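Only one chain is shown below, in structure tokens, and it's the form predicted on its own.
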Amino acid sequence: MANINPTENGVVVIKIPGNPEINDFKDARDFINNSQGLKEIRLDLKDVSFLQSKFIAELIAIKKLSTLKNSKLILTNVQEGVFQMLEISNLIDHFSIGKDFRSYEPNELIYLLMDPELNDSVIEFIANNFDDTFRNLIAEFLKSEDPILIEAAVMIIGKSHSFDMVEEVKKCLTSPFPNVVRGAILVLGWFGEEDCKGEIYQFLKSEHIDVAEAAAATISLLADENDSIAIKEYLESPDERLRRIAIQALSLINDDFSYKFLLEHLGREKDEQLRTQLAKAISYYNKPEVPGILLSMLSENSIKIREAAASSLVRIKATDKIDDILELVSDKDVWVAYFAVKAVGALCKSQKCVDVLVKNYPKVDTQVKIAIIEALGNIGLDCSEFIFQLVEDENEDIRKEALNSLALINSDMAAEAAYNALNDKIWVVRFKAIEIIEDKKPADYKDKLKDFLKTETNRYVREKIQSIVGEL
């Protein structure tokens, strides 16, 4: 029979046995029906390798009942055979599916650790529920020859704050497995083991990039002003990879010395990827000249550098540079204008910005026009008459973006434009129009969509409408 285990805070775990019968699902339904205040129902299918089709109907019935009771239903620990059955039945999207590691014995969790998609979650679960049983388990992991289990043991020690096991972590610095070394470096940083800093420095030169990045992160956690000076030397290396690690370490240390060294290096570095990294690194410092430096980088030759500079201006909320950025909206270089417009859309909320963007719209390249439409939607001030006319533009991307921005600014006009766009010759525009109609829910919208469905031929548009109004 089903094992029903009510927990705290309105959560119940219902475990279905490995060879289920109809009564197991009936027991679950009866319990749900007779319970009050259930917030979440976890139907545990850990032991169920396959479900006959008659049980699928039972799952649907439980789903319907949980909805009526205003409870969230989650199918947990779903095995592959059951998952495939739900896929075949086209029911995957009908259910919420998740993992509940509490259903597993400690030794069973070993197999889940081997799954790359579950590894991090299992580590977090064990660390949050750490006890003597798990302590014995990770002691076994540390004695194994499996790098996945050894790394898991190290990370569990770190995340469970098991400081008494720090010596075991230190031993892992000499492991032949890079993933184990990386984990040990990180945990020693979390534990504040300053006596290991000198040994960790050697890993900045590791051929394994994950190990080198972990060393940079840990050194930054343990750093004093001398570390910025020591790491500065790596900026002079002919090895591009080592310079990248040095930039990362200095930006994490984030003191006045590191800022000075990064700024000096910005004047020398020629590599595109590293200049992109420097644009991001400089933005982490709260210095008055930083916005100006980033603004100047919008005019560099590299598109990647320009994009990083624009994103950094947005991240530091450089609203005091709006006037300077607006001047670049009409730049002859399409990419300079494009990233300037993107920054304006994220930073500005004033009518002045709207006026400048609308004024420059006829003068710019199509790509910049699309960015302007998006920016106007993000700014949110009413320029709906201007955008409404663009829904008839000959360019499909402009029509689609105009619909999207109109929906952010004027709901009534967006609904009108969306209804008009149902006759657009491009299906992606029609799809966007239907999304807007679904969101705005104008009067009788379901009936109108049902009528439109009779003549729509595109599969994706039809499926979207059917998800809103149901099958005809």
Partner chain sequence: MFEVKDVNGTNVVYLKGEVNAQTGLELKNSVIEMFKKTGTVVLSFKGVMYMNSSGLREIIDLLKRSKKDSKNLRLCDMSADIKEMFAFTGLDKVFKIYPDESQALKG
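Residue numbers count along the first chain shown, from 1. Source: prediction; values computed, not measured.
The same protein also exists as the form predicted in complex with the partner chain; that form is not shown, yet it is the one meant from here on.
Note on the interface: of 134-142, 101-109, 332-340, 184-192, the segment with non-hydrogen atoms within 4.5 angstroms of the partner chain in the predicted bound form is 184-192. This chain appears without its partner; in the predicted bound form, the one residue of D397, D393, E124, E269 with a heavy atom within 4.5 Å of the partner chain is E124. Taking a 4.5 Å heavy atom cutoff to the partner chain in the predicted bound form, the contact residue among K317, K304, K352, K359 is K317. Site residues K39, Q79 and I97 are none of them in contact with the partner chain in the predicted bound form, judged by any heavy atom within 4.5 Å. Mapping the unseen interface onto this chain, S220 counts among the residues with a heavy atom inside 4.5 Å of the partner chain in the predicted bound form.
The partner chain in the predicted bound form comes within 4.5 Å of a heavy atom belonging to H161. Not displayed here, the partner chain is kept clear of K205 by more than 4.5 Å at the level of heavy atoms in the predicted bound form. In the predicted bound form, at least one heavy atom of K280 sits within 4.5 Å of the partner chain. Annotation for 33-57: no interface residues with the partner chain in the predicted bound form [heavy atom within 4.5 Å].
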